[in-house]
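What follows is one chain in structure tokens, specifically the form predicted alone.
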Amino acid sequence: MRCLNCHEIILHQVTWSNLFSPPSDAIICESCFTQLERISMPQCSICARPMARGKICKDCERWERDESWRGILEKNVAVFNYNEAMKNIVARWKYRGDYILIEMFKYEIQEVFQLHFSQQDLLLVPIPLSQERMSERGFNQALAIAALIKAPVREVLTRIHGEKQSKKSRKERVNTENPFQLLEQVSKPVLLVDDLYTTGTTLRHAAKLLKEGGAPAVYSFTLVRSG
């Protein structure tokens, strides 16, 4: 088996516990995996930003001071920090169409989901791409992540085409019009799924529509916490 990231042969470390049944399903080598940074405590209780002290980061304080956004998003849970190693992987996966790379994180995604949400009856809603962006990339990265989680998935949002969020400043993102439309009402708690949490604007726009459409609570799950 070769590592999906660096393509080097994966050499399994043999221990007494796996001597007669060594692991055979690893698809990322130890060298590549150790370059990634798992989100750890302490972190912001709303967005999962790593922080030295306090319960809520300054960005979330700004969101919560605004009455129109207060409580819209219960909390975001993320798996990895957006370091250089992860940036390179995301660029290949998201923008160069290397779809299979998401399989490297299947166990971590499932583990974090089970840790935070296994006791809740949630509906997974992937953040949608516009038709134009979908044509460019060939797949929706949020749906690819949601497909790895063992929970019901429903695509109840659609997206209007616009400028890439990565090209906008924080102020431009916050002040942009809601790019989503709700296709059907949802009566149960929702877990929004996306690849990156940056400013939280995209997730909050989607969460606002879902709550207006009947969802009693909206959480989010992202592969990466950026910023």
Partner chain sequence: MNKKFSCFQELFSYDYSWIPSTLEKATPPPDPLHDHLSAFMTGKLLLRNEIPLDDESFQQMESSDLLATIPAIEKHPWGYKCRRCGNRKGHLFASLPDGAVYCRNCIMMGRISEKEHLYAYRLDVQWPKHIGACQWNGVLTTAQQHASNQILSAIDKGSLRLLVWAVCGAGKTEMLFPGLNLAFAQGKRVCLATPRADVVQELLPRFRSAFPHVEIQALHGASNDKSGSAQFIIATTHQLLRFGRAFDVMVIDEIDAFPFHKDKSLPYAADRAARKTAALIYLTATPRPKHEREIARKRLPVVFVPRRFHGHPLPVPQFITAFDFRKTLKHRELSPKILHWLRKRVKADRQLLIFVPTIEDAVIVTEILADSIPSITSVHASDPERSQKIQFFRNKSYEALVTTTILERGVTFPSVDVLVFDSGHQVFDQAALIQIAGRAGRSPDDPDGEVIFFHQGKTEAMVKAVETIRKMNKLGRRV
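Positions refer to the first chain, counted from 1. Note that the structure is a prediction, hence the values are computed from the model and not measured.
What comes next is about the form predicted in complex with the partner chain, which is not displayed.
Q: Is it the case in the predicted complex that W63, E67 and K188 each bring at least one heavy atom within 4.5 Å of the partner chain?
A: Zero of three within 4.5 Å in the predicted complex.
Q: Residue-level question: is E84 within 4.5 Å of the partner chain in the predicted complex, judged on heavy atoms?
A: The answer is no: E84 has no heavy atom within 4.5 Å of the partner chain.
Q: Within 4.5 Å, heavy atoms only: does G138 come near the partner chain in the predicted complex?
A: G138: yes, in contact with the partner chain in the predicted complex.
Q: Though only this chain appears here, would I149 touch the partner chain in the predicted complex if you measure heavy atom gaps against 4.5 Å?
A: So I149 does not count as contacting the partner chain.
Q: Mark D98 yes when one of its heavy atoms lies within 4.5 Å of a heavy atom of the partner chain in the predicted complex, and no otherwise.
A: Within the cut-off, so yes.
Q: Taking 4.5 Å between heavy atoms as the contact cutoff, choose which of K106, R92, H116, K75 touches the partner chain in the predicted complex.
A: For this set of options, the contacting one is R92.
Q: Any idea which of 151-159, 129-137, 108-116, 75-83 reaches within 4.5 Å of the partner chain in the predicted complex, heavy atoms considered?
A: Every other range fails; the passing one is 129-137.
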